Structure formats: C-alpha cells, structure tokens
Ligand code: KPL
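In the block that follows, a single chain appears as structure tokens, in the form predicted on its own.
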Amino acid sequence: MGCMWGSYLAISQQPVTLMLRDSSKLETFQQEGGLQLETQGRCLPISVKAEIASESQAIVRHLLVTVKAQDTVPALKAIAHRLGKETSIILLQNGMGMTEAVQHFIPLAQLFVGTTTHGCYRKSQFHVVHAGWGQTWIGPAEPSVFESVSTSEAQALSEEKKQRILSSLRETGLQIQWEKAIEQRLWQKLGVNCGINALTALLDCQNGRLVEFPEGERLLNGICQEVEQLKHHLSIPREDPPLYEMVRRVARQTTENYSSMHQDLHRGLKTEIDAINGYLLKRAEALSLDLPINRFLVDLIHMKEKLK
C-alpha cells in the first residue's frame, strides 16, 4: 500500500521519499530501479527518492504509515527524533489499537487515521499492482492533542494541517473523503477483516471460497455475530447492511484475492491477528465478554505462526 500511494503522489508531481528500514531494503530498491506501478494494463516506472529512515535528521512534515500493525511503534520510534509539532501522521493500516500507542510516545504530532477499499499486491519488493479501485476515508485520531487544547492558535494549526493533508492526497486523483466520525469506518473494515482474513489464512484459500459452502457461511456468520455483540456493548451503531452481508459481498467481490493474512502466513511472516481479531478480544476482556469463535481463530493463527 505504501508503494501504491507513493507512486500516485509522485505521478502528481509531489515530492516523495520512501522511508526504508535498513540498508538491505535500500539496496533492493536500487537493484529494482525504483518503484514500478502496474495499473489498468500499464506498467509505469516511478521516480522517487528512498532513504534509510533512521539515518536522516530532517524533520518529517507529512508521514503516511503503511507498515504492518505490529511494526508501527518500532518504525515510529526509529524516527522519533524527526517527528514533532510540525508533523502530520496518517495511519493507513489494517486493524485497530495503534493510535493509542503512537500518541503515547509522539504526543505533539497531529495524528490522523484512514481506511481504504483500494486493493493492491506486490510482484516484487518495489513492483506494485493496483488491482482494485476504491475509496479512502481520512479522519482525526481520538483523542487528538490539538482538539484537547482550546486556544484558537492550536485549532487553526489543526485545521491547516488537515487541509494540507487532504489537498496533497486529492492531487493524486484518487477519491479521498474526510470523515469526522472515522471510528465507524474503521469498525466496518475491522469487521470485514475479522471475518475473512483468519479463515482464509487457516483454510489456505482465496476469499471467495468462504461463501461457496454452508460451513463457511456458518463460520462467517458466527464471527460477525460476535463482532456485533461487542459493538453493542460498546454502543457502536450496527451496520446497514448487516456486517454478515457486507462480509459476504466483499468475499464475492474479491473472490480471486488472497487476504493479507493468508499471504503473511504463506511467506512465514508474523500476521496482524492481534490488531484484528485479537483487538476484539482485548476490548471484550475489559467488559468480561467472551467471544469464543474469535478466540479460537486467534489461538489457531498463533499456533500456525509458531509451527512455521
């Protein structure tokens, strides 16, 4: 996702720097000749800069974070010296629960969160295929340090950062919407991921196979019922259409796709299960609420990770 957004930002003539983890990533970037974006039957070479994130001292003003959920805090801690009150950060990731951790150690940066229905996958480390077009919603992380300060100067700064972020992203030509109540969007995406990701990873199948058989539909329905049960206890509005119908629709629309969790397990990587189904369990535990199907999925994924 980071390569996709970096490509479109560069195409719209905006300065882009890929912030890479270490020298091996930078060497791969150079060997592959930079970014390549495959979209609508064309493969475009994209000219962008790349650097090892922790080695520069330059202040970062706009930061789009697309790393895996479990890598968010380590990645940001590595560049904490480059982040301050001038910085706007957008978290565009699967799962929930990262905003609280980020705000804890980077309290001055303005934090936004986003969710997208675009689909993409990599053919190689820096060759990305934009496979499915969609929409992106951006909203304020809660609580925001700027929203907690009542001075007109702080409020003006917050609004200015918001407008700069939206203007920059909209120049890409991709559909961007501001969503003040972004949490509802995040819960919708979380519910879909809870239904599809772990099951496809454990069953080693494409998304669409989940709705081909009654057993799969029963499993999906049970997962969705537990998500809705938790949302009810948290006073979060129910989906319209119901979450189960939304998950079935997404599975059919992405019938040939392999979920990100399936791809992670296939590659022997740590999954985002703790930020997806595991996030449900964390919130449910605080309410003394049991979600047995989701707990079973989390345990199975953890076992698969340990047995790889």
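Start at 1 with the first residue shown and count on from there. As the structure is a computational prediction, the values presented were derived from the model and not from experiment.
Heads up, the form predicted together with the named molecule isn't pictured, but that's what we're talking about next.
- The stretch from 47-55, 254-262, 236-244, 29-37 that comes within 4.5 Å of the named molecule in the predicted bound form, counting heavy atoms only, is 254-262.
- Judged against the named molecule in the predicted bound form with a 4.5 angstroms heavy atom cut-off, the residues S88, S158 and K162 are out of contact without exception.
- Taking a 4.5 Å heavy atom cutoff to the named molecule in the predicted bound form, the contact residue among V227, M96, A141, I196 is I196.
- Here is the short version: of H127, R82, K189, H130, the single residue with a heavy atom within 4.5 Å of the named molecule in the predicted bound form is K189.
- Taking the partner from elsewhere, Q110 is found to have every heavy atom lying beyond 4.5 Å of the named molecule in the predicted bound form.
- Contact annotation for V250: at least one heavy atom lies within 4.5 Å of the named molecule in the predicted bound form.
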